[in-house]
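Next up: just one chain, as structure tokens, the form predicted alone.
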């Protein structure tokens, strides 16, 4: 593997079309993410950032390193952090979270106290979405008499180990809090001496951050969910893969459970297990009250 001294003094190499397609194919095969021609600069910049750290100047040499057995697998994990981290924020699309709130309150009217609510943030990135769901869950539970409140738990999954570490730490800059009301901010976050906002332990202990490659969804031991929240993830996949993933997610819902995706992320998909919510502000589907399965 070629290593280049004084890398910081050298101009970033240009990626030719053959190299681009090689990396494009590898990324899609391993993660499902499709980098189109318009995002070539993003891919090149992300690769170069990691190549700079390793003092590697040749795309082919780095490709061979990434695909070379166990050591390549370790390096791939490091590269994924640069290729997949998404910008996000608390309550990024507030109408979707308000929709979740209304649905939870409806579920709670008939919920046995010994049956906890189960929610899933799919592609949770650095955790803002998962913590937003926790805040919504807490607020929904407060609408019920204390003696009738079940517990709840949230799965938060992502392919990036670095993003998951950030989520577990639960520390965020003020710029990430824009979707929260002042009341929510003061109730659930504490401004630390470092200037970062720290999530309170009462929320952090409700969330299980764990690694999941969305292409391995069929093997994930997560099911019977009341809420599946999957926004700003499907846009990175081809249309046929979006449909396949959504069909798998539909099977993971409990009867009466809700699937929430990004508005317009898919327009040509229907599933016999689900009924779309008649609300133009959100794209949400409720599983029919039946134990029928497509499996």
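This structure is a prediction, so every number in the text was calculated from the model and none was measured. Numbering follows the first chain given and starts at 1.
The protein also exists as the form predicted together with a small molecule; that form is not presented, and the subsequent description refers to it.
Novice: Where does the small molecule sit in the predicted complex: which of 86 to 94, 145 to 153, 110 to 118, 182 to 190, heavy atoms within 4.5 Å?
Specialist: One stretch meets the cut-off, namely 86 to 94.
Novice: Name the residue from 196, 105, 77, 213 that puts a heavy atom within 4.5 Å of the small molecule in the predicted complex.
Specialist: By the 4.5 Å criterion, the partner-contacting residue is 213.
Novice: Please pick, from 136, 125, 207, 99, the one residue with any non-hydrogen atom lying within 4.5 angstroms of the small molecule in the predicted complex.
Specialist: None of the other options qualify; the answer is 125.
Novice: Taking any heavy atom pair closer than or equal to 4.5 Å as contact, tell me whether residue 31 reaches the small molecule in the predicted complex.
Specialist: Residue 31: yes, in contact with the small molecule in the predicted complex.
Novice: Is residue 232 close enough to the small molecule in the predicted complex to count, meaning some heavy atom within 4.5 Å?
Specialist: Yes.
Novice: Taking the shortest heavy atom distance, is residue 59 within 4.5 Å of the small molecule in the predicted complex?
Specialist: Flag for residue 59 set to no.
Novice: With a 4.5 Å heavy atom cut-off, would you call residue 160 a contact of the small molecule in the predicted complex?
Specialist: Yes, residue 160 sits close enough to the small molecule in the predicted complex that at least one of its heavy atoms falls within 4.5 Å.
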